[in-house]
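Here we start with a single chain on its own, the form predicted on its own, put down as structure tokens.
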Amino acid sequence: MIRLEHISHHYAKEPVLHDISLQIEANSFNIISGESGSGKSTLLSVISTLLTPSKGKLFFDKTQSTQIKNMDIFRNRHIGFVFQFHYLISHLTVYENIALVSRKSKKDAQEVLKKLGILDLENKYPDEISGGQRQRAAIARAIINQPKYIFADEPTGSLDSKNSQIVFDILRELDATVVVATHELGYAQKDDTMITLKDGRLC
């Protein structure tokens, strides 16, 4: 479970988030939505610990984020990130990109690739595969260590509708708490938890 208490944030003197309090349940699928400039990415960055809010408190279960002694270790063990751009290393194969962060065996990595339908691409380089395949490889890298939390920022922003649906289906099936910031609400389902922002405020 993730809890936000009275979170606000500003860049220089420009306010972006205003007094946001919410609770994200364990193993739920959550969508942060809103128009461009509404604060979606900033809120996701705060929730995922990539950004320290100007005001307010963030909790993972009962532990406040400021009480976590080593945030890098915490992220490595418990958090997976997926972004609009895949950030795969171009001179490494798909498997090598995953192995770089993996604490699991090669067999485990291959099982993840198989689940995502790209096992046959494990020895390919990023520029040898399609955009949708690269994004699935990025998801494989994010989930290989079985994190409790997955954060995705516009993960389908550069994909066509078919591959976008595949990515949402994959994220929705994960055994984790998933939070996705997106403007593509056509892929939302009735059981998803919607977090809607307007001008940095919860609607």
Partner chain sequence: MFKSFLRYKYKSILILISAVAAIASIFLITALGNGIISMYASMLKTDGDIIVMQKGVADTFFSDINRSLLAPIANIKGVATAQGVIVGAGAIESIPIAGIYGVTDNRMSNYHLTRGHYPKGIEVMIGESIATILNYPKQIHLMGKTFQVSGIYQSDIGFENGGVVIPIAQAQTLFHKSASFLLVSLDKITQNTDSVIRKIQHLNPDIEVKSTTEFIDNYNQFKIIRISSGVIASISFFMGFLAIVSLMSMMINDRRYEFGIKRAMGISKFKIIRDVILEVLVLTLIAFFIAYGVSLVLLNVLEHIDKFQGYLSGEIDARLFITLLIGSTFMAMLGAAIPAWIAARIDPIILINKGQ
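In this text, all values refer to a predicted model and were calculated from it rather than measured experimentally. Positions refer to the first chain, counted from 1.
Beyond the structure shown, there is the form predicted in complex with the partner chain, which is absent from this document and is the topic of what follows.
- Residue in contact with the partner chain in the predicted complex (any heavy atom within 4.5 Å), chosen from L51, I166, L174, L159: L51.
- The three marked residues, N76, Y87 and T93, each reach the partner chain in the predicted complex, with a heavy atom inside 4.5 Å.
- The closest heavy atom approach of L119 to the partner chain in the predicted complex falls outside 4.5 Å.
- Contact annotation for S65: none of its heavy atoms lies within 4.5 Å of the partner chain in the predicted complex.
- For the chain shown alone, R136 is not a contact residue for the partner chain in the predicted complex, no non-hydrogen atom being within 4.5 angstroms.
- Put simply, S38 is far from the partner chain in the predicted complex: not one heavy atom of it is within 4.5 Å.
- Contacts of stretch 141-158 with the partner chain in the predicted complex, defined by any heavy atom lying within 4.5 Å, are made by R141 alone.
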